[in-house]
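What follows is a single chain, given as structure tokens, in the form predicted on its own.
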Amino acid sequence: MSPEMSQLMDPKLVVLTAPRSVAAEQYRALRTNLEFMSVSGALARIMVTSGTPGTGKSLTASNLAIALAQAGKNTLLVDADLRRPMVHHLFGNANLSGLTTALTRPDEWEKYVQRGPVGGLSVLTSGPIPPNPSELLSSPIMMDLLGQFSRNYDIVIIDTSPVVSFTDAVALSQGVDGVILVVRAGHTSRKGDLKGKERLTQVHARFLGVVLNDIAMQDGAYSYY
């Protein structure tokens, strides 16, 4: 990673910026848990969402993608939160084109993928915010793109909008192998979290588990359980 790239990144990408922290170690533990779970079924496409906004789901998706790339997985991080995209802010990437551009030009999608800060990590930012996110994400073109991503990468991590507020994540869950729900300690309501899980189970999404984010640790870093 170049010094220029490190200056643009959000310091909360702790797997890179603070690799010896408790938080970074917990993201690596999440990676290991997913590797064990993949024994019972392929996990090539993993969606990360939340019940409500403000949980740190984009941070979780981004740190997990970095950890997977560091373990030798050819990883693609996709920002499919077409309401409030954050991935380009976290990595300091341009966002003039991205997923929404690829959806209009699916044969050229590889042109819109950007190099990540570590070897083996690629990033597809959201691109310009469209007027019809749900329709785009549930379209046959999106499902076809997901298949193309999987044919080119070992694993695809997809950040999506909160599941209670919008239908985007519910629609997209039909094209992934598993879903992680991110909950922020002391911030989100239990009712909202349960509603998010309920919406995913209603459409028979493969629910992988819950990440509990923003727990105060002894070293002062945020973490997850």
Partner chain sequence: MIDLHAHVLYGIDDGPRTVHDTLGVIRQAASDGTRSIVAVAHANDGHFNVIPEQYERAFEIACREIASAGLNVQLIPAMEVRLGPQLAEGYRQGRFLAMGGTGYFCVELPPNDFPAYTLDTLFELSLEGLRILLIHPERNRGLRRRPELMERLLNMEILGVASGGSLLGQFGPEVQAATWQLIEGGLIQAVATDGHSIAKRPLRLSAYEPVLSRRYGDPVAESMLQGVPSHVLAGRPVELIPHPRIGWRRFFGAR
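Residue numbers count along the first chain shown, from 1. It should be emphasised that the depicted structure is a prediction, and the values quoted were computed from it without experimental measurement.
One more form of this protein, predicted in complex with its partner chain, exists but is not displayed; see below.
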{"query": "In the predicted bound form, Q114 touching its partner chain (heavy atom, 4.5 Å)", "finding": "no"}
{"query": "4.5 Å heavy atom contact, T104 to its partner chain in the predicted bound form", "finding": "yes"}
{"query": "Proximity of P140 to its partner chain in the predicted bound form, heavy atoms at 4.5 Å", "finding": "no"}
{"query": "In the predicted bound form, G92 touching its partner chain (heavy atom, 4.5 Å)", "finding": "no"}
{"query": "Single option in S122, T100, S150, S134 placed near its partner chain in the predicted bound form, where near means a heavy atom within 4.5 Å", "finding": "T100"}
{"query": "In the predicted bound form, segment of 92-100, 114-122, 141-149, 70-78 with a heavy atom within 4.5 Å of its partner chain", "finding": "92-100"}
{"query": "Its partner chain in the predicted bound form - contacting residues of 127-146, heavy atom within 4.5 Å", "finding": "P128, I129, P130, P131, L136"}
